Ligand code: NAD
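Encoded as structure tokens, the following chain is the form predicted on its own, with no partner shown.
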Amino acid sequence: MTYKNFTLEIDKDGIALIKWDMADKSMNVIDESVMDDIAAFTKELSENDTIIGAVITSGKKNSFSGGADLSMLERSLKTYHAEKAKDEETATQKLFEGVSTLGTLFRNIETCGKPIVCAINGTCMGGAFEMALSCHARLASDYDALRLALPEVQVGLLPGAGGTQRVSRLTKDMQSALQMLVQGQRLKALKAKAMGLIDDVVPAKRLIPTAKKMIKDRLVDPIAPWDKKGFKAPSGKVYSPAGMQLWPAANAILRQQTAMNYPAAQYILSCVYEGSLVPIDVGLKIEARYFTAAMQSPQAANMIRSLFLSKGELEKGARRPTGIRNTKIKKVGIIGAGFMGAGIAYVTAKAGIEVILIDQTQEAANKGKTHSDRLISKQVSRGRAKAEDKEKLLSLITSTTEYKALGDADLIIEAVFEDGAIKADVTKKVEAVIKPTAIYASNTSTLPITDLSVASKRPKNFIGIHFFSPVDKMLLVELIMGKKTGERALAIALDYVHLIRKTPIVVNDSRGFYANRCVLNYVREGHIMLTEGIPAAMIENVAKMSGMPVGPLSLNDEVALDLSQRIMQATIRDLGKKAVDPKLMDLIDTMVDKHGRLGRKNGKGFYDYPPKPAKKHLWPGLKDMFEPISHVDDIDVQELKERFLVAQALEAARVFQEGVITDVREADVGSILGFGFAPWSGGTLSYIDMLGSKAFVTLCEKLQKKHGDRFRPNKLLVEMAANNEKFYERFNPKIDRKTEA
């Protein structure tokens, strides 16, 4: 029997093999057509007396499903908001009924009266894992890269099709289960088995035969444990000594980790707690109600849009110039084998591209290659890569001092010291040996590409490719267009970023480009607070309470204080003394020149970094540098949070007005992936839209009156506030969203 997305074949023993294989997608996802198919094959299982049981699996190699197609949820949200304007109560009821549909389908699978085994042959996420949990048994293949997860919280949602209710009733380890749900953790198969979420891990070749044998040998009970009288959850009762130890601590940890910026995370705890006290069908209704509430939150709408839909569109080439065919990049030259250059070499070789890594001495070049050796060796030791993967990766990297080795390179990435003269010299040396069609890119973090391209004889082929540190972990890459950069250079740069599996944003030339302009405002605000006498610990903690991943002082240590000093000095040299606050220049000069505190790299910055296992701690000397505020209770914590977020979002609005960023998607995605701007907000421009342009401008004016002109709203924002406009209304890219989950 064939459905649109599934096939159903009954063998001689009466066991149905249901295979999920969406013909037009590289990965199975749950959309409206899949939901129709699930209803149809569940009815067939219930009514066909020749079927004694079923095995559900995927027809995709090493992949079960990525979960729900979130563009389907976005459409539901648009319908909800359109109907909400007419009748909010009716709109909410329709939304609840809609989100309950998938949970009802999975409950029907669970109660169909036939034993069903889910044979998970690869990655199984979100709604697909919820379907697996509704089956009566679950087997996973021993495929190394297989992961199981309910990651909905990462886009502001929660598992809404029974995930919270079945995980809490299956698991032996409620603490680990809560961490998995609240953090969206991806579990290896053996970990999931240890938690009680799957029954066994078997060799891939034996997956289907083993599942069928379980049904044939009557080892699978067609009635779920929680549908039997007297069911007791393996993890114990909520009202028990163990429960009283778990739940108060769980709430405290959640508050510490999220600062309550993510409603969905709190809803998950509530779902599990409340659902554990009632029968499964009541628990499923509780979960659906919380899912509806999460769907109605602005955090979910913004996170779905930025972290899933927009991110996917950018990764699939939304900004790639049309009419230029894809380039197969075979060899990349990297000039400069320091920390950044070595990191770029690693991600490039990991993508299977040959790398020529050049530095002034052979020793320095070899040291750069050793960085790749360390990274891949760590992956091997943790079981995330094999010995042959290491051998292949290192064989792709050639460390040398010879520029002539770049002769047939398709792309050159310069990652030398942040000095215009040095970069100009490298440009000339490289262009003397490379082929005419090669693209030359500078990994500068602040220097304008147009200025750097003056040293080039072919500025059309000159572009900026700005990586973030550490390169192997950071997902964002800024592609900077100089005034003479050609579309072919951009297209090839985008092809390269796609190959190394990063997310690109396209930025027009400006000092600091986009990400650094915003994040430097964040760091600067932390410096200003320090000079105001606000305790360093409060600065760091309040920054994290606002949603930032690390405090501004800690971030500055990672970047290096002497680099901040050089950037400030270059800014003064190019733009004049008024371009940098003298108090801040004095702060950094004192830290670097007087105390020799350069940041993490020399073990002392705003923090001290003692040898492990000791943890870093704020440098005690900070409290003596400025007169402290006499009454800490007088400090307005909410205002501090606003200062951190507004300083960055306002700069993003300025950058947008200047045309440095021209796509709202890139502003939001770039802010989250590039410098960790409060993910709960959906990004810098989404944050402004969430508050509303009028409210945001009013907030800016309040901060400007108290703290100075750095908070003055720009012309574009004032104009938008007057018309009550939003960025995503006025500058909507109007894209047809068909992104897969």
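One rule holds for the numbers: they count along the sequence shown, beginning at 1. Please read these numbers as outputs of a predicted model, since none were measured by experiment.
We do not show the form predicted in complex with the ligand, though everything after this point is about it.
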item	value
Residue (of Gly122, Gly184, Gly336, Pro504) lying close to the ligand in the predicted complex, criterion heavy atoms within 4.5 Å	Gly336
Proximity to the ligand in the predicted complex, single hit among Asp557, Asp410, Asp359, Asp663 (heavy atom within 4.5 Å)	Asp359
Heavy atom contact within 4.5 Å of the ligand in the predicted complex, the stretch among 91 to 99, 440 to 448, 665 to 673, 639 to 647	440 to 448
Close approach of Trp226 to the ligand in the predicted complex, 4.5 Å, heavy atom	no
Heavy atom of Tyr609 within 4.5 Å of the ligand in the predicted complex	no
4.5 Å heavy atom contact, Phe467 and the ligand in the predicted complex	yes
is_contact(Gly341, the ligand) in the predicted complex, heavy atom dist at most 4.5 Å	yes
Contacts with the ligand in the predicted complex - residues in 394 to 422 whose heavy atoms fall within 4.5 Å	Tyr403, Ala415, Val416, Phe417, Glu418, Ile422
